[in-house]
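For reference, the chain that follows is the form predicted on its own, supplied as structure tokens.
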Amino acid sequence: MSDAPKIPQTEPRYSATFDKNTAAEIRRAAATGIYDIRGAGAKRKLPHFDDLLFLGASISRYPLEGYREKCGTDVILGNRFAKKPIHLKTPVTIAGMSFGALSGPAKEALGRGASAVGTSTTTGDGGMTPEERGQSSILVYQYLPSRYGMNPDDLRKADAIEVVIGQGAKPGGGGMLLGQKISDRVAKMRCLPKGVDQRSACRHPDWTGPDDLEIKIAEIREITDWEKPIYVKVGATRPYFDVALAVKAGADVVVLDGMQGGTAATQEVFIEHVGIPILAAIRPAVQALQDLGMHRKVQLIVSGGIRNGADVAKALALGADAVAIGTAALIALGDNDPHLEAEYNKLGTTAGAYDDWHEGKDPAGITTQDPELMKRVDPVKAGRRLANYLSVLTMEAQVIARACGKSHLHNLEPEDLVALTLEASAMAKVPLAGTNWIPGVTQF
């Protein structure tokens, strides 16, 4: 035996550039020759609302007593031109998620949950289902580039129209609905062949710029007798210019969706590498509205990664009028629930990470068209879960607003916030905590 001293072994180190996931994706691409498709939103860590903190009231500010002093939560959307603007009891709305991407019972549950707390839900691509219209007290109808399921009668049945230009998970790209989710009913609603993959268009077929958008909005107003608020939805890329052009085209409401926003299916390279975080998009959007003298006159709804009442309050403090949730709503309904862990394992994943919604095998029965899996969704119980969650979001936002001395959620303002990181400070244009410094705005 050698008497040479043993040299301690260091732990193996993976490359920061070519980590396990990157290497696995290279091997998958080399083996298949196709790009990866998945659902959900960006999984990389991004500057987000967690990087902001509220400055609660103390001596220099006077807090409100929760048991005796009111804090309003309602919001009116679409009072610029519409004869019948929408009045919501809470500024938390349900984002557009299509029938096709979601099951019929899941869409019904969304309507039930939103109606129970006095807010709106949104159709998504593929048209309006009777269940969703029947259970939604306030329903926003999405008018998308694909025109799947679109007809003037449903435009008139809706309470508002949302013209979708882009989505946060895939700005500049169209959606996907693979053949395994195109059932007889989905095919009939979308005028598509059953079982054949479809890809939604990335732009509207009948306009190429903001002047054409103005004409289209006027056309929709005529079809709906100027009753319905017209929303314009854009993915977060160039928020200042996109919001300004939407306002000039005649929008009553602008919806701004950050890259944390989910999707039913698109290329992963889109989800992770196109668009900007919602935290970086809100202040330029608000600035555009302010420069046009339209802040609070044209309402701003923001979405993309809203999870709790603190996120809601922070979005409103930065200048939004309301928020929209998608992924969080699906989790509230029961998607990615740990009690289905064994079934997620059989699909090669785990609860909380399942994102192959496009395959139509969701054990929760939410992102599928499989008749047996859909039976697992009880629309009444799932709707009640969503209503509970929406109520909690609203109450949490109220708690924060009262702590800041505000009698309404819309009285929250950037002055109530500080940032924990340089990036968040620069994006949100609020001071770095413990200083008066905003990078790029004030002198250090």
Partner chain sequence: METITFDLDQHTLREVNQYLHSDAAELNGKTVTVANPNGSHNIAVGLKSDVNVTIQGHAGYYAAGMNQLANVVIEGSAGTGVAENMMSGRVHVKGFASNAAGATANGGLLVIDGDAGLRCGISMKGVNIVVGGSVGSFSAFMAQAGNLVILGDAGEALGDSLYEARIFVRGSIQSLGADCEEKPMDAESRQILVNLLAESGHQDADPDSFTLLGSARKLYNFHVDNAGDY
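Numbering follows the first chain given and starts at 1. Keep in mind that this is a model prediction, so the values were computed, not measured.
This protein has a second form, the form predicted in complex with the partner chain, left out of what is shown; the following refers to that one.
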{"item": "Option touching the partner chain, based on a heavy atom within 4.5 Å in the predicted complex, out of Ala116, Met150, Ala351, Leu292", "value": "Met150"}
{"item": "Listed residue (Gly179, Gly174, Gly72, Pro210) with a non-hydrogen atom within 4.5 angstroms of the partner chain in the predicted complex", "value": "Gly179"}
{"item": "Partner contact for Tyr240 in the predicted complex: the partner chain, 4.5 angstroms, heavy atom", "value": "no"}
{"item": "Contact flag, Thr32 vs the partner chain in the predicted complex, heavy atom cut 4.5 Å", "value": "yes"}
{"item": "Arg283: touches the partner chain in the predicted complex, heavy atom cutoff 4.5 angstroms", "value": "no"}
{"item": "Any non-hydrogen atom of Phe81 within 4.5 angstroms of the partner chain in the predicted complex", "value": "no"}
{"item": "Location of the partner chain contact in the predicted complex, chosen stretch of 383-391, 61-69, 34-42, 398-406 [non-hydrogen atom, 4.5 Å]", "value": "34-42"}
{"item": "All of Leu192, Arg199 and Asp225 within 4.5 Å of the partner chain in the predicted complex, heavy atom check", "value": "yes"}
